[in-house]
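Read the single chain below, which is given as structure tokens and is the form predicted alone.
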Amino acid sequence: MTINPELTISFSPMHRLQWEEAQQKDVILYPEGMVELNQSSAEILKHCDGSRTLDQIVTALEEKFSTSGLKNDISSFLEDALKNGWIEQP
């Protein structure tokens, strides 16, 4: 499975992204357990709302953090997220 850059990306309805006070970080909750996220991963997943494509997510994050050159890192993470079932595309 690979990310299709022309399609929007949404967070899987089988998972829940939330702030976990006990861990002091964002986590992905699912029936079998929990995945702790670093800040970068959480920020990327928060932009997977079903209304943005890969390039739109990259642009939004580069603007938010006043930087450039994030596409490769974001793409790589989203490929892993897709393989893990955390995100999906239509």
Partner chain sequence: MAGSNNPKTITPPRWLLAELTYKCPLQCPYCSNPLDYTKHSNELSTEDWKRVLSQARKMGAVQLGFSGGEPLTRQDLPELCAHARQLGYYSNLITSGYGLTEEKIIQLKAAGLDHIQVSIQASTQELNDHLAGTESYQTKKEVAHLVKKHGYPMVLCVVIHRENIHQMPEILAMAEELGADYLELANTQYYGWAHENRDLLLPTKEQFEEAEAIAQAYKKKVEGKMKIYYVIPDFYEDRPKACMNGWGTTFLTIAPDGVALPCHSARDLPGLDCPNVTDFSIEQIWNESKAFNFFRGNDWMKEPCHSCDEKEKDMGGCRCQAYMLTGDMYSTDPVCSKSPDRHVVKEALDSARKSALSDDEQPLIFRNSKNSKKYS
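Residue numbers count along the first chain shown, from 1. Nothing here was measured: the structure is a model prediction, and the numbers come from that model.
The protein also exists as the form predicted together with its partner chain; that form is not presented, and the subsequent description refers to it.
Participant: Is it the case that R16, L29 and E32 all touch its partner chain in the predicted bound form, with a non-hydrogen atom of each within 4.5 angstroms?
Facilitator: All three within 4.5 Å in the predicted bound form.
Participant: T67 versus its partner chain, in the predicted bound form: is there a non-hydrogen atom within 4.5 Å?
Facilitator: The answer is no: T67 has no heavy atom within 4.5 Å of its partner chain.
Participant: Please run the contact check for T2 against its partner chain in the predicted bound form: heavy atoms, 4.5 angstroms, yes or no?
Facilitator: Outside the cut-off, so no.
Participant: Classify S76 as contacting or not contacting its partner chain in the predicted bound form by the rule of any non-hydrogen atom within 4.5 angstroms, answering yes or no.
Facilitator: No, S76 stays farther than 4.5 Å from its partner chain in the predicted bound form.
Participant: With a cut-off of 4.5 Å between heavy atoms, is N72 one of the residues that contacts its partner chain in the predicted bound form?
Facilitator: Answer no; every heavy atom of N72 is more than 4.5 Å from its partner chain in the predicted bound form.
Participant: Would you mind checking 59-90 for residues with a heavy atom within 4.5 Å of its partner chain in the predicted bound form?
Facilitator: Contacts from 59-90: just N84.
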